[in-house]
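To begin, one chain is listed below as structure tokens, in the form predicted on its own.
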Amino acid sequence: MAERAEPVITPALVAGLGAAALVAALSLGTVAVVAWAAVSPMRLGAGDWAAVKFTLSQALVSAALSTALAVPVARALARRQFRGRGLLVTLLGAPFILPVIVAVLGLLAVWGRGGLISAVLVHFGLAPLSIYGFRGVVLAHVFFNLPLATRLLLQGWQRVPGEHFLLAAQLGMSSRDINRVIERPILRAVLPGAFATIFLLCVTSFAVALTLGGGPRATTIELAIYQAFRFDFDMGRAALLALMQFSIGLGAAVLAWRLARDAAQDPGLGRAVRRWDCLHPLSRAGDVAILGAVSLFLLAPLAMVGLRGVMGLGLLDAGVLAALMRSVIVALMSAGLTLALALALGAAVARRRAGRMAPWIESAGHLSLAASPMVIGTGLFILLYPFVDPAAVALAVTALVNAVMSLPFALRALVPAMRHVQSVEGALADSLDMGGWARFRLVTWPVIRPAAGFATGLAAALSMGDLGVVALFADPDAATLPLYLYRLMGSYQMTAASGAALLLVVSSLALFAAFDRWGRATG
């Protein structure tokens, strides 16, 4: 029996093309707008080239340290089974959704001149630490990206069937042999993609450079764009820097995509993985030491934010509640838009995954990985300035840009689930002539709802802590909570800033948990 022909133009395809066009316009069109609006010659000075050099050097060092340190951490987690292991793995993901400005405050509380380590050094007559500049930027990026690299490597290790280690034990292979035959191929498959992904994240980082960098020798391209636009209003410099930033980001994104390949593994029989090569007491002690050190490195700043935040809550004025409300509004708008765009793109890709347009639609959804929020914000500012007061639309524009920046993470969660629905239930739904809203409500949504809840919660948490576009648009009297926190830090009100940081962390995690629970709820 012949298959029923499917219309070439479907509502899902139209919605997907519309979402892809919007993302492409924001990612590519804003760069063109900045270049078109330039009224001065487009040339870079010595300070701009220094910013390019600093951006690349800190990103390379940060990515190298993050991935190198992640190898022993992921290996220790893969080799050990212990009570609380699942909780530890979950906590390793906390820095990823933690607001950047909060993490910086926590790092200062531990590593700064007035932090715990400096207090110990001063007690012994040594000079306190200073984490501003290159060292501080690299330290913050390692703090954020070491957990990500660990999770990526751990996923590779966990794909090794238990039968491989059983066979290695029967052959009497040593720990060194197992590392050479089994573990190194995993690293060769996963490590390059993890390095390229983290390099990309470090290149496009803004809040870290704004708070811990600055100065002629510690300025990134993102920060140079912000300074050229916000303080100098030099469109020529901003445009050229924006083009350079996008070129570097696009190159890193393509490299990360090409290198991010899964290691081919025999599926095995599903046996539990048991390691006979790590039973020696010294091996166990080494793994415990590694996990203890990384836990202390990641959790100590969070603990300091919590302890100091409790003391700082009483020092906050009434403005913090207004800033909190603005941040929640932005986060909710951004999360809703992210989900809508991801559903539109995912439906188009899943229904037409064998067609020629599907790869282009999916690639458009990931364009924002190469784009700079600061470049997108600058382009939108130029477009809107002749018609409306940019401060009047600051929250809406911030939500829009945050949604586009969160879209790649949402697609990574939703697209596999939507493809699974199409492959398993698609033929039956087609035979029943089920389409449109009924198909989505009865067939697609029940399966993808957990992924949708997770993606929406992640988008809300990331938007809640964003300190990027809002710095360009916001009026001094209409700050979001991250901007309010940054201004407290700038005026050296560190205890009050800790109180605002604690409020920001609790709000971000509450939004993430609420959406994630909504996705996992039944009925």
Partner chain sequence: MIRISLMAAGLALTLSGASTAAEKPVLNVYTYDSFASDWGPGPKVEKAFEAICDCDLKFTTAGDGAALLARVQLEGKRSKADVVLGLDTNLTARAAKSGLFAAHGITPKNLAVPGGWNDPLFLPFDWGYFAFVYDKTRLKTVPHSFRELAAAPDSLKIVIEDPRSSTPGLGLLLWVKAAYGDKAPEIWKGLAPHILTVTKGWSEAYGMFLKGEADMVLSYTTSPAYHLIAENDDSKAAAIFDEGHYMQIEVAGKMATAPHPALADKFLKFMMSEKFQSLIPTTNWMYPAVALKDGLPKGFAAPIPADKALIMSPEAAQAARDAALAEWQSALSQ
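Not measured: the values here are computed from a predicted model. Rigid core: the largest C-alpha set superposing within 1.5 Å between the two forms. Positions refer to the first chain, counted from 1.
One more form of this protein, predicted in complex with the partner chain, exists but is not displayed; see below.
Think of it this way: in the model of the complex, the partner chain has a heavy atom of just one of Leu187, Leu395, Leu414, Ala370 within 4.5 Å, and the residue is Leu395. Of the candidates Ala323, Leu337, Leu201, Leu92, Leu337 is the one whose heavy atoms come within 4.5 Å of the partner chain in the model of the complex; the others do not. At a distance of at most 4.5 angstroms from the partner chain in the model of the complex, all three residues Leu223, Leu483 and Tyr492 contribute at least one non-hydrogen atom. The closest non-hydrogen atom of Leu212 lies within 4.5 Å of the partner chain in the model of the complex. At the 4.5 Å threshold, heavy atoms of Ser498 reach the partner chain in the model of the complex.
Put simply, Ala348 is far from the partner chain in the model of the complex: not one heavy atom of it is within 4.5 Å.
Contact annotation for Ile361: none of its heavy atoms lies within 4.5 Å of the partner chain in the model of the complex. Proximity to the partner chain in the model of the complex, taken as heavy atoms within 4.5 Å, picks out 110-118 from the listed stretches 68-76, 405-413, 447-455, 110-118. Annotation for 304-342: interface residues with the partner chain in the model of the complex are Arg308, Ile329, Met333, Leu337, Ala340, Leu341 [heavy atom within 4.5 Å].
When two forms of a protein are overlaid on their rigid core, residues whose CA moves 2 Å or more are considered shifted, and Ile448 is not one of them between the shown form and the other one. With the core held fixed, Phe233 shows a CA shift of 2 Å or greater between the shown form and the other one. Relative to the superposed core, Gly336 undergoes a C-alpha shift smaller than 2 Å between the shown form and the other one.
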